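One chain comes next, on its own, written as structure tokens: the form predicted alone.
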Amino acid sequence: MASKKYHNNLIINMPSDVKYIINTLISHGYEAYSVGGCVRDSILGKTPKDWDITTSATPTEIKSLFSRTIDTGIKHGTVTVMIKNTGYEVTTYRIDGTYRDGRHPAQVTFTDSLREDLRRRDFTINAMAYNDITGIVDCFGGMIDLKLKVIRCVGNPLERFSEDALRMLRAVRFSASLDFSLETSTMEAIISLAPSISKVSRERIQAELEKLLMSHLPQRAALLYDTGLMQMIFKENSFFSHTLSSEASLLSAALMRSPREHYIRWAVFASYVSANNIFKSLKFDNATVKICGNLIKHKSLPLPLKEPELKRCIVRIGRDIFGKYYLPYRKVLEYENLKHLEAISSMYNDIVQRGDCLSIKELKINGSDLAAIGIEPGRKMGDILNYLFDSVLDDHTKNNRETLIELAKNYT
């Protein structure tokens, strides 16, 4: 598609620092534009998180124009220009060489052509540039695809995904974050090249899945089944208890009603993708491994409507996990049983508001008190403390020093 320039049709309100960097480069005879996601989001009426700048100036020339710069990726043409305490990545127009590892170009060549720089980018909606003088530069139909709400590769999708396999996951993620559909040839290319996702590090896969699951449309994760990416990502530790279409449907429905919370959405995801050790496989932090593992482990735990039994469930799962994550998680899994879960939630809130004892440490008695009445430290003392805790779970009014001392004296 021929290059199109929209001079005054649409004006993007760039931050003053970005304007300063672009205008400085232009005033010294170079081309410079904001580029990529910041242009896309601005056109969509969203506030960009980051502003990237592309220029015809070389890294050395960029550094000569600004007093504070950092060589963040100078081999690939990127210099970070510091304005006060904020950094802005400024990258020289470039042409990527061969992608030998399916993730990174073996070498890059600087160019003076903006079009060539935009040509190497992943999707048309991310391949637009802007400055206040020229307006929007759209060489590959990004504006049209924004109107059509589709994710389409720049040029041949097989080539784009062969260059960088992570782009396949990014396509699914953008579908969720923007509520766009995957253009047919782009979808077909992902299906064809899904096995190459194995070239991507588990950390990068985790990061893309995180953005997907924490989007406003997490149910688009079902596309991972449709494209074959799910089966490839968890190839070594997956099994499927239903047909793939059923798995996708179940996952989509559950994620659609899940609260936008990291641990809950990941626990829901892991519950429906039928994969073992998913959190360790994706190299998650210890908190996610522990909390999500605990949620999944106890996902079928009976939740009684009697306080003593419910308290024992809370102790088993963990008080903070139970209220903050476990109850919302169960509501997602047991959507047809909401009245029962609401009653459980109300009872839990009463228990917390009363300050009921939910750990041995919260007993109004300790080992020193027991030693004072002649109970020696050791196994028996531990047995007595467990007995007292169990008694208090049955009746919260027993958690006072006098009653506990009396119960301890009568323990046999």
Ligand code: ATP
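Rigid core (definition): largest C-alpha set, two forms, superposition within 1.5 Å. Treat the numbers as computed from the prediction; the structure is a model and nothing was measured. In this text, residue numbers run from 1 along the sequence as written.
Keep in mind the form predicted together with adenosine-5'-triphosphate (ATP) is missing from the figure; the text below concerns it.
A.B. asks: In terms of non-hydrogen atoms within 4.5 angstroms, which of the given stretches 116-124, 296-304, 215-223, 70-78 touches adenosine-5'-triphosphate (ATP) in the model of the complex?
C.D. replies: Going through the listed ranges, the match is 116-124.
A.B. asks: adenosine-5'-triphosphate (ATP) is absent from this chain, but in the model of the complex, do Gly36, Arg40 and Phe174 each have a non-hydrogen atom within 4.5 Å of it?
C.D. replies: Yes, each of Gly36, Arg40 and Phe174 comes within 4.5 Å of adenosine-5'-triphosphate (ATP) in the model of the complex.
A.B. asks: Please tell me whether any heavy atom belonging to Lys311 falls inside 4.5 Å of a heavy atom of adenosine-5'-triphosphate (ATP), as the geometry stands in the model of the complex.
C.D. replies: So Lys311 does not count as contacting adenosine-5'-triphosphate (ATP).
A.B. asks: My question is simply whether Asp52 lines the interface with adenosine-5'-triphosphate (ATP) in the model of the complex - judged by any non-hydrogen atom within 4.5 Å.
C.D. replies: Yes, Asp52 sits close enough to adenosine-5'-triphosphate (ATP) in the model of the complex that at least one of its heavy atoms falls within 4.5 Å.
A.B. asks: So in the model of the complex, does Glu210 come within 4.5 Å of adenosine-5'-triphosphate (ATP), heavy atom to heavy atom?
C.D. replies: Judged by the heavy-atom cut-off of 4.5 Å, Glu210 is well away from adenosine-5'-triphosphate (ATP) in the model of the complex.
A.B. asks: Within 4.5 Å, heavy atoms only: does Arg170 come near adenosine-5'-triphosphate (ATP) in the model of the complex?
C.D. replies: Arg170 belongs to the contact set for adenosine-5'-triphosphate (ATP).
A.B. asks: If you check Lys235, Lys280, Arg257, Arg204 against adenosine-5'-triphosphate (ATP) in the model of the complex, which one has a heavy atom within 4.5 Å?
C.D. replies: Among Lys235, Lys280, Arg257, Arg204, a heavy atom within 4.5 Å of adenosine-5'-triphosphate (ATP) in the model of the complex occurs only for Arg204.
A.B. asks: Given that adenosine-5'-triphosphate (ATP) is left out here, which of Glu183, Asp145, Glu247, Asp164 has a heavy atom within 4.5 Å of it in the model of the complex?
C.D. replies: It is Asp164 that has a heavy atom within 4.5 Å of the partner.
A.B. asks: Core-aligned, does Thr78 move its Cα 2 Å or more between the shown form and the other one?
C.D. replies: Shift of 2 Å or more: yes.
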